[in-house]
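For reference, the chain that follows is the form predicted on its own, supplied as structure tokens.
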């Protein structure tokens, strides 16, 4: 008899039954009055939870598309952009910006560490940067950036738009848009929201919206804020067909967040991560990220000497848990374990037990 598999990668994350049920509803017209109300209510709730006076966008797309949407609406050809990279996904912004004709500088940390707010402040003094990008949690390293403290730094530079990649953080790591001086925050539905892949979620604060106005016409079409703002404010209008069932699913995810309480959700992620990481260390693993900058949404787990990555993940899958492999120079040296969203204590216990059984089998 095969074990039921728990998909414990850093996204997609497990989707609970009530969210699955919304995915399975009979699809209606996007002009259906009840759906339009649901869509509008979702936008209002998201803005309230993440404290943004500007706009919230929920559109069909991926986290990578949201990266492009963020930079496209606040920069023009030749602008200086500072990319703060704590790993593989921070680096992804380099090509996106270069393709747009931006002048790119990169401030990088060693894998397992993060760029400090102090380093960022010194770099921002060097020239007029029109935007800075920071990955809150980089899934390649399992590190978490100090986005609140960085926001305090960036607000000293009036012409610099602060963009935060929250793909592996939003709804798991603490984030508040206006309170943290974030101008643009974006994420995807499949991570800490615990919804199936397919939705890009982006928040634009008032400074970002003002910058978009100043730019006039931009070359991008689908990701242009101006195409979507009318729909976000009034879903009875049309630009592109909304993914109806995914929007229902996200609405249910937001209902669960409201029911739990966003601060309580943040605290749960902290406690679960601390428990999981302690248990892994007790088993003889190590964690790539330094203790002071470990994310609470995933762990990048270094193998003890003598453990083969391919064999470990194969046997772990047989034991009922799927994890992701390492990236870059850490490919084959670690596995990436997601622990975010709507997972409960039973899922955590089952995952840790499967890891323990796997170690026993491969000795």
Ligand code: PMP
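Numbering follows the first chain given and starts at 1. Note that this is a predicted model, so its numbers are computed, not measured.
The same protein has a further form, the form predicted in complex with the named molecule, not shown here; the description that follows concerns it.
Participant: Would the named molecule be touched by all three of 70, 205 and 225 in the predicted complex, meaning a heavy atom each within 4.5 Å?
Facilitator: Zero of three within 4.5 Å in the predicted complex.
Participant: Is there a heavy atom of residue 123 no more than 4.5 Å from a heavy atom of the named molecule in the predicted complex?
Facilitator: Residue-level check for residue 123: no, no contact with the named molecule.
Participant: Just checking whether residue 146 would be counted as a contact of the named molecule in the predicted complex - the rule being heavy atoms within 4.5 angstroms.
Facilitator: Taking the distances in the predicted complex, the answer for residue 146 is no, it never comes within 4.5 Å of the named molecule.
Participant: Indicate whether the named molecule has at least one heavy atom within 4.5 Å of a heavy atom of residue 248 in the predicted complex.
Facilitator: Because no heavy atom of residue 248 falls inside 4.5 Å of the named molecule in the predicted complex, the answer is no.
Participant: Is residue 62 part of the interface with the named molecule in the predicted complex - any heavy atom within 4.5 Å?
Facilitator: Residue-level check for residue 62: yes, a contact with the named molecule.
Participant: What stretch, of 236-244, 205-213, 87-95, 170-178, brings heavy atoms to within 4.5 Å of the named molecule in the predicted complex?
Facilitator: Heavy atoms within 4.5 Å of the named molecule in the predicted complex occur in 87-95.
Participant: Heavy atom within 4.5 Å of the named molecule in the predicted complex: which of 75, 114, 139, 253 fits that? Just give me the one.
Facilitator: Result of the distance check: 139.
Participant: So which of 80, 160, 277, 190 reaches within 4.5 angstroms of the named molecule in the predicted complex, heavy atom to heavy atom?
Facilitator: By the 4.5 Å heavy-atom cutoff, the listed residue in contact is 190.
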